[in-house]
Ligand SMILES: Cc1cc2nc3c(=O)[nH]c(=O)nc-3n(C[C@H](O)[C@H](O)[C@H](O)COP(=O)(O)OP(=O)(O)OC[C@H]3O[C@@H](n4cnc5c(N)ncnc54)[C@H](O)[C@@H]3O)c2cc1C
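In the block that follows, a single chain appears as structure tokens, in the form predicted alone.
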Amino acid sequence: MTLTVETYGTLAEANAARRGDSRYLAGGTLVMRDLNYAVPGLSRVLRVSNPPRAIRQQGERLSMDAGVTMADVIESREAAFLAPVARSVGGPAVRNMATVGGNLFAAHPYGDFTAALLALDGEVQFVDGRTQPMEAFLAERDRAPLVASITMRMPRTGEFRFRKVARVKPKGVSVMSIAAWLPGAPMRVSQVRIAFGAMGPTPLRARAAEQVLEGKVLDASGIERALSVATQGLAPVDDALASAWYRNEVAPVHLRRLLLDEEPEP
């Protein structure tokens, strides 16, 4: 297989050069794996010489360029609430390369950072200036143009929680991940958003649980009904890490621990 690598000055130029046999190279954690395994139909790699990597606060929302790495997130004061999510992605070498934009396209069971963005009312901005809510983007991401940036809510202290469940600690691949934005926590919550990673082909919202948590206090009685409907609308599959049955069984257990803000198991 002959491989062509093309370098452009801007994301817009790289986007204009895309076609069916090409992939955009950002951090490389996904594309290089496919190149190493000689995935059929991949003969062109497009890259940008110096992609933007800014993180900036915009009122009550935070904006990140798609080229921001997990290491950038960990070092950012504005994005401190996302640092635990970024730390859950691989080891130091991976976090130095893996980008926020690349994580949007990570297939099951990867994409933990994207689950957090979904919970935080994330919105994607494309290089052509169009924007799209995260949930709609994930439903058709294989046909999306290049992503320029992502914005999300900036939660108040204690309102955002994240858990990653893995068989190998601390950096194993996810059996599942759970991210929740809980406005009003730890008292009565409103407009809750809960997203599961590795519980479907893309991160998915637990809408049934969100609805029954409306106006509830986050205590054992207040969350009981939410746990009983936690997996409605999710679509776990069997893989080498866990069966769909196992994922369905343990999802309410881990959601309970997250909602009650219990310390994760060692």
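Remember, predicted model here, so these are calculated numbers, not experimental data. In this text, residue numbers run from 1 along the sequence as written.
From this point on, the text means the form predicted together with the named molecule, which you will not see here.
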Only one of 106-114, 151-159, 75-83, 186-194 sits within 4.5 Å of the named molecule in the predicted bound form by heavy atom distance, namely 106-114
Even though the named molecule is not shown here, does Leu218 get within 4.5 Å of it in the predicted bound form, heavy atoms only? no
If we define contact as a non-hydrogen atom of the residue within 4.5 angstroms of the partner, is Thr231 a contact of the named molecule in the predicted bound form? no
With the cut-off set at 4.5 Å between non-hydrogen atoms, does Ala71 touch the named molecule in the predicted bound form? no
Whether Leu30 contacts the named molecule in the predicted bound form should be assessed with a 4.5 Å heavy atom distance threshold; does it? yes
Checking Met199, Met64, Ala206, Ala26 against the named molecule in the predicted bound form, the residue with a non-hydrogen atom inside 4.5 angstroms turns out to be Ala26
Candidate spot Gly90, Ala98 and Gly102, all three in 4.5 Å heavy atom range of the named molecule in the predicted bound form? yes
